[in-house]
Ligand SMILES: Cc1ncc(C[n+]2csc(CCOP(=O)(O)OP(=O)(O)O)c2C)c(N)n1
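There is one chain below, alone, in C-alpha cells, taken in the form predicted on its own.
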C-alpha cells in the first residue's frame, strides 16, 4: 500500500456514495461493496487518495457506489486504465473492480500482462460464472455442462478458465479467494490485498441469484484453505491445481519488483535475474 494521507475519523458508511446500488436482490456484489468500504475505513485512507476503476458489467458498477475517485471504463479495459493512472499518480491507492466476463474474456490479455507487470494495484474480480448484465450467458468460468443459457442449451463443452492458476502462471504476486457470504473474511483479504506492495488478485465468489440460483449452495461448499500461504510458486501451483474452486483464503504472496516507469532504466539484467530467481 502507498504511503498516503490518512483520515482517522471516517467510518465504512462514509465511503459509500449517495448513488443507490441497482443490483438484483441477493446479489453477492452488495457484500463486496460493504467489504470495500470497511477495508478503506480500516486502513483510514483519505477519499481523495483512493481511485476505483472498472470495466463493464454488474460488478463494474462499483465505482459509482464508493465515495472516492472513480472511472467506469469500457468493456475489458479496466486494468490498462488503472495501470495508466497508477503510472501517472503512484501516490494513489488504485483498486480495480470487474467480473468474470469483463476480466477473463475480452479483458483476458490485459489480465495476463497486469499480473506479470506487477504494478501496485488491487484487482477484485466478482466471479458468478455468468454474464448477468446481458441476461445470463455462459462466461469464461462457467462449467461446461451448464445448459441454462439459450446461447448454449447443451452446455459450453469447454473447460472453464481457472483464474488463480492463470494469475500464478502470469506472475501475480498476491493471489487469494474470498466469498460474498463471508463478509468478515472478505474484508480481511481485501485489507491484505490493498496493503500488499504489487499486483494483488482477489477472486470473489459472488453468487448471482437471478441467473444462477443454484449458487445459493455455495455457502455449503466453501471452506477455508487448509495450508498457510506460500511464496513458492511451485508449491502454490500444486495447491491450485488440486483446489476444488471453493477454498477461501490467501494462497500465494511474494515480494517481487514493482514496475514503475521512472524506475525502469535503473534496473540492470543482473538485478532482475537476482530479484526473480526462484
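Numbering follows the first chain given and starts at 1. Remember, predicted model here, so these are calculated numbers, not experimental data.
The form predicted together with the ligand is left out here; the points below concern that form.
Can you check whether residue 75 is within 4.5 Å of the ligand in the model of the complex, heavy atom basis?
Residue 75 belongs to the contact set for the ligand.
Does residue 132 reach the ligand in the model of the complex, with heavy atoms at most 4.5 Å apart?
Yes, residue 132 lies within 4.5 Å of the ligand in the model of the complex.
Can any non-hydrogen atom of residue 68 be found within 4.5 angstroms of the ligand in the model of the complex?
So residue 68 does not count as contacting the ligand.
Contact flag, residue 45 vs the ligand in the model of the complex, heavy atom cut 4.5 Å:
No, residue 45 stays farther than 4.5 Å from the ligand in the model of the complex.
I need the one stretch from 180-188, 161-169, 108-116, 133-141 whose residues put non-hydrogen atoms within 4.5 angstroms of the ligand in the model of the complex.
Single hit among the candidates: 133-141.
Since exactly one of 51, 56, 247, 33 fits, which has a heavy atom within 4.5 Å of the ligand in the model of the complex?
The option sitting close enough to the partner is 56.
Pull the contact list for 78-106: residues with a heavy atom within 4.5 Å of the ligand in the model of the complex, in sequence order.
Residues within 4.5 Å: 99, 100, 101, 102, 106.
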